[in-house]
Structure formats: C-alpha cells, structure tokens
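Only one chain is shown below, in structure tokens, and it's the form predicted alone.
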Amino acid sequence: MPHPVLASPDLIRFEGDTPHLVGSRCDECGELYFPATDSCTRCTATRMSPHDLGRRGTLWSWTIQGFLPKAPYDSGETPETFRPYGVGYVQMESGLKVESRLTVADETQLQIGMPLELTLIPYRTTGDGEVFTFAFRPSASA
C-alpha cells in the first residue's frame, strides 16, 4: 500500500508503514535538530547528516489551540469548521524536544510526562485527495 501524501514529506520517513520523524545531526559536535537544517548553531559546522528521531517520546509541555491559526496555516478550515486541538512539546528519546500537534484536545487526558507515539492525521483536502501531517497520540503501550 502506498504511503499517504504528506504536507511536509521531508519531516517523515517510513519503516514499513510506521512513520518516524527525521531531523539532522551535526557531524562535528553531534547536536540534533528538528526540522533538519544545513548548519549547526552550536559549533557553526556545515556538515550535517539526516538523523532518525524515532517515533516515541514523552509530553514535556502542552496547551490547547482554541482558535484558528493565522497564515501560513493552510488546513482549509474556516472559523466555523475549526475544532480546537492539542499542541505540545514532545521530548524524544534522544532528548530533543519537538513541537507537535497532539491527537488529544481534552485537558483531562493530557499529563506532563505521559508517553506518546507518532501518528499521521488528516491536515487538509486537495483536488488530489487527503494530505496528512504528523501528530503525537497517547502511547498504546502506556
């Protein structure tokens, strides 16, 4: 089965059907980045390599996005169709914190330190079909 169309395909790689976040790692000092970058702000090196950040992390901080974001957000929603969603910083197993949409928007179900796993969710619909983005959901192994 083909992989879904992604809003930002350079952020995701697949292991079979399982999505993983992709960042970069400085070849000189080892600093990690997400999204990937061409140079290191830590040591100023320009030799960077793609780095698999994995698919699991823990919730470091969160909030609920309660209003339609301004441009360049382009999900196709309107103020009438917008539904609040969770946004959080997820600390990956490497220690790097990634800002991400969360699949949970109920504050009673979000707890700092809870285990999360990467998933793909519908982001917008185009004439060619559905486009997906990444998000984190409560881990099934929790």
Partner chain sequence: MAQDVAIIGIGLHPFGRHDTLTGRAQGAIALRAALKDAGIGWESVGIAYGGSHDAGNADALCNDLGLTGLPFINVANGCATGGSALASAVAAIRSGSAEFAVAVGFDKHPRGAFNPHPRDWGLPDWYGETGLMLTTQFFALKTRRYMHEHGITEDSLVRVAQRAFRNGALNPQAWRRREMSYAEIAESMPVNLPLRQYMFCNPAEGGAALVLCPAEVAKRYHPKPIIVKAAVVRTRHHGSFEVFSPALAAQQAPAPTVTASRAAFEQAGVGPRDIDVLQLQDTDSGSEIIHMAENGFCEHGEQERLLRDGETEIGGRLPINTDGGCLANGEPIGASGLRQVIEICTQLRQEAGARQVPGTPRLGYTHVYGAPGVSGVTILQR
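Positions refer to the first chain, counted from 1. None of these values were measured; they are calculated from a predicted model.
Only in words, not in the display: the form predicted together with its partner chain, which the text now covers.
Non-hydrogen atom within 4.5 Å of its partner chain in the predicted complex for each of 81, 129 and 136: The answer is no; none of 81, 129 and 136 reaches its partner chain.
Would you please decide whether residue 87 lies within 4.5 angstroms of its partner chain in the predicted complex, comparing each non-hydrogen atom pair? Yes, contact at 4.5 Å.
Would residue 7 count as a contact of its partner chain in the predicted complex, using a 4.5 angstroms cut-off between non-hydrogen atoms? Yes, contact at 4.5 Å.
Just to confirm, residue 69 within 4.5 Å of its partner chain in the predicted complex by heavy atoms? Heavy-atom contact with its partner chain at 4.5 Å: present for residue 69.
Residue-level contact is defined here as any heavy atom of the residue lying within 4.5 Å of its partner chain in the predicted complex; does residue 38 satisfy this criterion? No, residue 38 stays farther than 4.5 Å from its partner chain in the predicted complex.
Residues within 4.5 Å of its partner chain in the predicted complex, restricted to 95 to 109 and counted by heavy atom: Heavy-atom contacts within 4.5 Å come from 95, 96, 97, 98, 99, 100, 101, 107.
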